[in-house]
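Below you'll find only one chain, the form predicted on its own, shown as structure tokens.
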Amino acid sequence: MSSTTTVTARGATSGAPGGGRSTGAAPGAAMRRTGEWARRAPLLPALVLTVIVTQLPFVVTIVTSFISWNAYYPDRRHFAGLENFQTVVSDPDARKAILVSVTLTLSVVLVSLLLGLVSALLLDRKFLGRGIVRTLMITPFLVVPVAAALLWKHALYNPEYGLFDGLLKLVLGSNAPQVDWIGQYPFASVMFAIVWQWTPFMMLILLAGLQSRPLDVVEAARIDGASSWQIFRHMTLPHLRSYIELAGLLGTIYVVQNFDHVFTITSGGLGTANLPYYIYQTFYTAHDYGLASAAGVIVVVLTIAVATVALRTVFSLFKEENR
């Protein structure tokens, strides 16, 4: 009789609506959700501002890219479908701008990577004043791009009072030629000005990779008789591969959008007009908003493709660090 009563009481307790266990779990879950929202709420204004500042203009750009809209002919505005994209692809100036963008980006990234690797290897060594030298090496990357382009255009490239022509006169004397660097070498003038500013960025990433090497393995290789070149080729370079890929991809994302140096140094002339400058001319000179938007969408899509590869490289680096 007593056992039957005990079983019945247990069954009643467990079968009662809102039993002890579920009643305690519901308020706990609600409190957790409230705590999560309380932590996220301060971030909502920043998120809303980011969406308004970045995503809404991009949505407007996408919509405009499908519209034939020229400010000189406001009555002819209409939906054009993919016509603007076809015009960008078939336009000889656009194709040339795309080719210049690709060539300029590859040249800047490769030269910056090479110089950054050499600088990182030198700064990884111990010497007096290494901290000061590292700080000075980073300085070009902190200069405003327009100011850096003006510096190269007037202080270095100017044929009358520029530093390069002054050095030629100092070495060769009065027989030194007066070289118009921008006029004779327009592409190289833009490229080296961008390389000067992006080499420190590459150096920072590669220096971080060098300092993450297992030094005990390097010392063991030296004890075993490995030369410096063998250590660099078979140990340092494979270790830096992911860092080199990351630096190259991030550099590509930013350099492909470069506008300041092209606009400031050559104003897009002498065959240096890249895709961002083509978009600028189409929008502000031709006032063809639909065509400029289509070219902008193409640049964004290509940048997103490169950024996706860069993010995968970053994630692979994190996985290797956590092993």
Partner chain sequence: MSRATYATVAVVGAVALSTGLSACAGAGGAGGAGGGGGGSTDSINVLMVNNPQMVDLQKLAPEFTKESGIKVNFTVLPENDLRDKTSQEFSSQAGQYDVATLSNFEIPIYAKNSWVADLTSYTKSDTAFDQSDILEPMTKALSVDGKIYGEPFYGESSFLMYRKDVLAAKGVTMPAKPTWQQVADIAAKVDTPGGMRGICLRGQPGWGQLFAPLTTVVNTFGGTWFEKDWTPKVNGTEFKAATNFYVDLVKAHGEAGASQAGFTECLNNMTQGKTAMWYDATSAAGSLEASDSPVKGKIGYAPAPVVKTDSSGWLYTWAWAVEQKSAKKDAAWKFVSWASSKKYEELVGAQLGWSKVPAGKRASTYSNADYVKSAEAFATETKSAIESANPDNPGVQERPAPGIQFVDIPEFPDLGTKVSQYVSSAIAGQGSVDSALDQGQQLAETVAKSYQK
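Quick caveat, the model's predicted, so the values are computed rather than measured. Positions refer to the first chain, counted from 1. Note that the rigid core is defined as the largest set of C-alphas that superpose within 1.5 Å between two forms.
Keep in mind the form predicted together with its partner chain is missing from the figure; the text below concerns it.
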| Counting only non-hydrogen atoms and a 4.5 angstroms cut-off, does residue 55 reach its partner chain in the predicted bound form? | yes
| said: Can you tell me if residue 245 lies within 4.5 angstroms of its partner chain in the predicted bound form, counting non-hydrogen atoms only? | reply: no
| message | Against its partner chain in the predicted bound form, would residue 195 count as a contact residue? Criterion: heavy atoms within 4.5 Å. | response | no
| query | So, in the predicted bound form, is residue 271 in contact with its partner chain at a 4.5 angstroms heavy atom limit? | reply | yes
| request: Would you mind picking out the stretch of 117-125, 198-206, 89-97, 220-228 that comes within 4.5 angstroms of its partner chain in the predicted bound form, counting non-hydrogen atoms? | output: 89-97
| message | Just to be sure I understand the contacts: of 171, 144, 71, 215, which is the one whose heavy atoms reach within 4.5 angstroms of its partner chain in the predicted bound form? | response | 71
| Residues of stretch 176-212 in contact with its partner chain in the predicted bound form (4.5 Å, non-hydrogen atom) | 180, 182, 183, 184, 186
| query | Would the C-alpha of residue 50 be classed as shifted by 2 Å or more between this form and the one not shown after rigid-core alignment? | reply | yes
| said: For residue 71, does the CA position differ by 2 Å or more between this form and the one not shown when the superposition is done on the rigid core? | reply: yes
| query | residue 142 and residue 307: do their C-alpha atoms lie closer or farther in the predicted bound form than in the form you see, with a change of 3 Å or more? | reply | farther
